[in-house]
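We begin with a single chain expressed as structure tokens, specifically the form predicted on its own.
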Amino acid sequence: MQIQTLFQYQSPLGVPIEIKKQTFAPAAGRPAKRISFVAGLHGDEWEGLYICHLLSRYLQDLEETHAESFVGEINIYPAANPQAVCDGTRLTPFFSVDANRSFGAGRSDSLPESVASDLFEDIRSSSDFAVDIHSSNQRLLELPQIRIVEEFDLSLTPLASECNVDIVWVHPMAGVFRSTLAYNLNKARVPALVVETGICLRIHPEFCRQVFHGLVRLMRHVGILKADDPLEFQTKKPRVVYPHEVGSLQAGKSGLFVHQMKLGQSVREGEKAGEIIDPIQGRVLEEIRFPFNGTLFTVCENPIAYEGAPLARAALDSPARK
């Protein structure tokens, strides 16, 4: 393994900030393909850091015991926004900038946009494939899943189906995606998957191991690692869902949401999901019931609910018509 410092810049307090990259390459010859794994663009999403740790440990052991397994090159960017990671914040400290909304604009006088431009160019020039790993926000707990913008469905879904996640969610394009790392890599013809798992400010080891196993499978599938790699993992095929196959449960009232849902649970229409209560008045404001049959892949973990807030998402058993 080679560790390289890609960029070093001074924070507003004068402390140097470094973005590092780990590289695993074949012992001899040119790499057949190259893949990059990126985590930590949002500093409060720690599941990706742990997944990168699992990948790095596995690949270091493989280098020592079965170096011939490396056919391609593997690049790991374990903390792409180290300043935010150290503070545990979604936005880059001092600048209040979302690092994953800073791509595609080119270089500028803004330090975050300048760093994003250089980071993007390094990933683009080092990759035939890429995986950007995220956790959910403070409200929602997610089953391991991959999200794909419809524009890239045909090229990305076969890759995502190798990754041992529970759900591959193909969703419509939205303007907010235009400035993300994965969207710009895909536009630059580097197939890039977005992993979403767990919840921010937490680490779920079982979810991380599941995704790690899937990423090893992906590397074998695309010819980065030999298929006869000695360590075998049991992996699953995900369910691929499209917009009409996803059901959403929302709050009708504002209050404290006390739920009785479990991630991965199969639910039936009319089944009780929980209650929204008013703890000041001691009243039940709303009894929440599922309007669909399906399997939950998103569950609200933050009990403060506002009218219209998402409480759960499910892969529907009987999808609505398109």
Partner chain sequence: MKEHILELTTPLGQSVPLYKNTWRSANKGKTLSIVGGLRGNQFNGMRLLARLSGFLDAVEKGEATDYKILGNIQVFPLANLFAVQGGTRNWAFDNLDFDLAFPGYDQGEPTDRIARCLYRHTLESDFGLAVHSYDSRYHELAHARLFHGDRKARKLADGLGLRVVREIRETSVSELQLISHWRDKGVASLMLCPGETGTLDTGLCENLFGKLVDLMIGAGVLAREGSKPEPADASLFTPKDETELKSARAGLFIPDCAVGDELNAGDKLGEIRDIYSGELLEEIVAPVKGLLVGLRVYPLVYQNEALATVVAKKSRWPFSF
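Take the two forms, superpose them, and find the largest set of C-alpha atoms that agree within 1.5 Å; that set is the rigid core. Predicted, not measured: the structure shown is a model, and the values here were computed from it. Residue numbers count along the first chain shown, from 1.
Just so you know, the form predicted in complex with the partner chain exists too; it's not on screen, but the next bit is about it.
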Stretch in contact, per heavy atom within 4.5 angstroms of the partner chain in the predicted bound form, of 50-58, 277-285, 35-43, 64-72: 277-285
L154: touches the partner chain in the predicted bound form, heavy atom cutoff 4.5 angstroms: no
The partner chain contact in the predicted bound form: A314, any heavy atom under 4.5 Å: no
In the predicted bound form, F103 touching the partner chain (heavy atom, 4.5 Å): yes
4.5 Å heavy atom contact, L91 to the partner chain in the predicted bound form: yes
Listed residue that, although the partner chain is not shown, lies within 4.5 Å of it in the predicted bound form (heavy atoms), from L201, L111, V240, V149: L111
Full three-residue contact with the partner chain in the predicted bound form, heavy atom 4.5 Å, for T23, P26 and V246: no
Any residue of 6-29 that, in the predicted bound form, places a heavy atom within 4.5 Å of the partner chain: Q8, Y9, Q10, S11, P12, L13, I17
Shift of G308 between this form and the one not shown at or above 2 Å (CA, core fit): no
